[in-house]
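Form predicted on its own, single chain, as structure tokens, below.
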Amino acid sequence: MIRLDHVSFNYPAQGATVRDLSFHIEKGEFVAVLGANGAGKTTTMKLIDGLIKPTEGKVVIGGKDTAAARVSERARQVGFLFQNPDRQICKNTVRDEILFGLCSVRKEDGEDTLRKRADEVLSDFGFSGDEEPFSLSRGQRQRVALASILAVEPDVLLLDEPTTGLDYRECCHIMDRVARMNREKGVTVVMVCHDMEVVLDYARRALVMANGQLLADGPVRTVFRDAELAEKASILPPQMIGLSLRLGAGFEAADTAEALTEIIVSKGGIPV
């Protein structure tokens, strides 16, 4: 579904921000892109979406080179949820916000079909169509932005820090909906996220970046247990994995409280 082959990108007057980046993502994967600020994560997301074109190399989405396609042509295939929903919402009602995307990329379906689809999404997300987006909470506005993207039914969903500024309940609303689309519809999800607990709960594969380069690519739990990699990329593992690593031999496999408790009981206690 997604292929980057030796991709580099230079912002004018800033030098290279992504260098010789290569990876493949299959349809239906749920991938987290990890790394410190300035590692090149958001630039990579923009390259996948076609918002920017590579200085070198090739980005291919669904078999098509993004260099040969307009951003508008990518909109039906790739949805991008911004970190700040207020930079994404542009209509005065929730119904019009959902219809905006639908009418932009699926206008051939006809007005009646699109309005029916918008009503289905409103019902699914629990919104009233007449609500004003900017009268809603931060978490609700993020859900409106997500609803407008998922209404189009893209093949790929890009999430740039989707849980920033959300409380635990709002975070679960957003991420559970994304996980359901990934599981039931086979939507390929690529997520930039600094919340390692969210990454552990939802993503299955991690791409770790630093200084515009790919340091590691592997299963999330394997990546989090690599202390040397974590130091290079300036990332902290989730609390349970961090604790299990500190406890030492025999505890490394624990990544939940339940798993750690079982190991402690089996060993007759925690080593001193």
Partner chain sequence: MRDLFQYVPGTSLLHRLNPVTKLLLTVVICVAAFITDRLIFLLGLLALDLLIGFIAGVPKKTVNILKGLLRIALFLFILQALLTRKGTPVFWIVTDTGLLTAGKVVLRLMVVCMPLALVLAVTKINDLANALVQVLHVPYPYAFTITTAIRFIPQFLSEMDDIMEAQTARGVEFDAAKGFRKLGMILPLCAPLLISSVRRSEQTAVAAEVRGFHLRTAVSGYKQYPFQWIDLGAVLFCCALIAAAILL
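Residue numbers count along the first chain shown, from 1. Everything quoted here is computed from the prediction, not taken from an experiment.
Below: the form predicted in complex with the partner chain, not depicted.
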property: Contact segment among 122 to 130, 178 to 186, 88 to 96, 109 to 117, judged by heavy atoms lying within 4.5 Å of the partner chain in the predicted bound form; result: 88 to 96
property: Selected contact from V105, L150, V192, V156, since only one has a non-hydrogen atom within 4.5 angstroms of the partner chain in the predicted bound form; result: V105
property: All of R3, F9 and L21 within 4.5 Å of the partner chain in the predicted bound form, heavy atom check; result: no
property: Close approach of K58 to the partner chain in the predicted bound form, 4.5 Å, heavy atom; result: no
property: Contact flag, R70 vs the partner chain in the predicted bound form, heavy atom cut 4.5 Å; result: yes
property: Exercise: L51 in contact with the partner chain in the predicted bound form, heavy atom 4.5 Å; result: yes
property: Contact flag, K46 vs the partner chain in the predicted bound form, heavy atom cut 4.5 Å; result: yes
property: Contact set, 63 to 85 vs the partner chain in the predicted bound form - heavy atom within 4.5 angstroms; result: R70, V71, S72, A75, V78, F80, F82
